[in-house]
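Next up: a single chain in structure tokens, the form predicted alone.
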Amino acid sequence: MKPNSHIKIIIVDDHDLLREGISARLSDVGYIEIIAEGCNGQEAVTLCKQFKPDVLLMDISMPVMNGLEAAKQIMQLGINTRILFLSIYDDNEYIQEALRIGASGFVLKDVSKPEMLNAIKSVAEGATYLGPKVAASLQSSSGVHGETECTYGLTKREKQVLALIAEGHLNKEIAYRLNISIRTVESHRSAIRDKTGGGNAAALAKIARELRL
């Protein structure tokens, strides 16, 4: 995604109220352009073929054709659309199958607006994004850890800050080591918490271990 460019999005969900709610939530975001909406997997395929969005925000359980089958067909179109699944289920089978097909992200429907925006931006920029609850569920399942790299959408600098937090360094020490201001460290720390769902230093240290930082 080029700096300052719009992210063109298609939203597909069979629940009208939920789809309209997501649309309303994103409508006031300047860099997002909602170009179409659909209510089943078949419509998702047709709309992607027609409009070639940057990101398809799609449910899994839908009539006519489910989201996973739709994703398979969309991946075969040869377009640059990134698929971000939005589901009420954190079922590992769903998550693994979505990633195996080639989806770029998977978040739960109860996500906050900041996390949803972070997920959209991350996948639009080419990263793989799993919401904190989804990542925790996936990593707790035997044999799954390591199959895909979940970065929570963290930038390189945020990973550096997170690694130093995990080592027990205070903001002042982190600022000195990275040659940045304390205020910048605090800003990175806040962004890390928003993206990972981690609260205190202990929780962030655990996430750092999960990411092998």
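Here the structure is a predicted model, which is why all the values come from computation and not from measurement. Here, rigid core means the biggest group of C-alpha atoms that superpose within 1.5 Å across both forms. Residue numbers run from 1 along the displayed sequence.
Omitted here: the form predicted in complex with the DNA. The next part is about that form.
Annotated contact segment (heavy atom within 4.5 Å of the DNA in the model of the complex): 182-190, selected among 182-190, 31-39, 50-58, 63-71.
In the model of the complex, Thr46 stays away from the DNA, with no heavy atom inside 4.5 Å. For Ala24, no non-hydrogen atom is located within 4.5 Å of the DNA in the model of the complex, even though that partner is not displayed. Looking at Arg177, you'd find every heavy atom of it more than 4.5 angstroms from the DNA in the model of the complex. Superposed on the core, the two forms differ at Leu164: its CA moves 2 Å or more between the shown form and the other one. In a rigid-core overlay of the protein, Tyr176 has its C-alpha displaced by at least 2 Å between the shown form and the other one. After superposition on the rigid core, the Cα atom of Ala205 is displaced by 2 Å or more between the shown form and the other one.
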